[in-house]
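Single chain ahead, by itself, as structure tokens, in the form predicted alone.
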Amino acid sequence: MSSLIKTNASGELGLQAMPHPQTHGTAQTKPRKSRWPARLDVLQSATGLILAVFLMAHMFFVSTILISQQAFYTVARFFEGAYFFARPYPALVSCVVAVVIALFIGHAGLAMRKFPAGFRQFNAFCRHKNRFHHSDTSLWWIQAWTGFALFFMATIHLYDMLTQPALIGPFESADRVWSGNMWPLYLALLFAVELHGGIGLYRLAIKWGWLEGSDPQRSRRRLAIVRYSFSAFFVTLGLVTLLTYIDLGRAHADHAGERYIPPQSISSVDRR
């Protein structure tokens, strides 16, 4: 059976089977269609959407350092359950990270189903992409490469958060960024994750017909504007936040390793 490379409305790579010519005088049995490809597609979209929402929330969380060191400290302790259990439990953060890792691995595994499986498929897809100049197919290609990069870069960050959940705080995070020389990784991770997430949300909307009006082409142009705005906003917010951590880390470099102590705790100790 031969096959033909094609892309769907959202630019995904796929192989369309070309049936054998019918033999004269013989009945051809219609093959039973499996629902598993559709189910896996839904699962891939669902895990991608959950991860995208988490990434947006995570960006707003880490950017509270722009408000104040105390604001970031308060949010960090909140996720450790300090305001529910009278003391922080960093293991709660590890549990959340473990769930994110499971979603991340599952989403990556589902997405890899549509990657070229060998050099011939890779070469055929490149010829197909270059010949048709389909914008959404090119976006899928960018998403594939950023996803490949995230599989390595995001894994480092997630493992760090999984094994050292107690080291999340104004000084602790700034020391990891600057004194721990993690800022180059975070810089590359920022661009990869925002490009991947922005394109992913756009392609989800196209694929499942979300926000589709009476004019599909007009809706697609509007979604493209939203995608550009989404990426520009979060990349800008991420860069400003990263620069703030770098600046704080440089100022705290001589005392790297010291934990942040909120002002009210220092006042309580002084009164004693």
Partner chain sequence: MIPLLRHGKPDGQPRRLTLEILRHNPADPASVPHLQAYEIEEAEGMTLFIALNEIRAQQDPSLMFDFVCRAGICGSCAMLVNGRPGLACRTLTRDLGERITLAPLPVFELIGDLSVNTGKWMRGTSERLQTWIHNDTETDLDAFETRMEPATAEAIYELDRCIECGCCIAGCGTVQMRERFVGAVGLNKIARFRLDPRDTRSDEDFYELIGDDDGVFGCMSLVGCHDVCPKQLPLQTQIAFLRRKMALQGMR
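Residue numbers count along the first chain shown, from 1. All of these numbers come straight from a predicted model, not from anything done at the bench.
Unshown form predicted in complex with the partner chain; subsequent notes refer to it.
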### Message
Taking the partner chain as it sits in the model of the complex, is residue 114 in contact with it (heavy atom to heavy atom, 4.5 Å or less)?
### Response
yes
### Message
So, residue 121 and the partner chain: in the model of the complex, are they within 4.5 Å at any heavy atom pair?
### Response
yes
### Query
Within a 4.5 Å heavy atom cut-off, is residue 73 in contact with the partner chain in the model of the complex?
no
### Query
Contact between residue 222 and the partner chain in the model of the complex at 4.5 Å, heavy atoms?
no
### Summary
Per contact check vs the partner chain in the model of the complex (non-hydrogen atom within 4.5 angstroms), the hit among 189 to 197, 170 to 178, 89 to 97, 121 to 129 is 121 to 129
### Query
Pick from 232, 67, 53, 38: which residue has any heavy atom within 4.5 angstroms of the partner chain in the model of the complex?
38
### Query
Though the partner is not shown here, which residues of 195 to 222 have a heavy atom within 4.5 Å of the partner chain in the model of the complex?
203, 206, 207, 208, 209, 212, 216, 217, 220
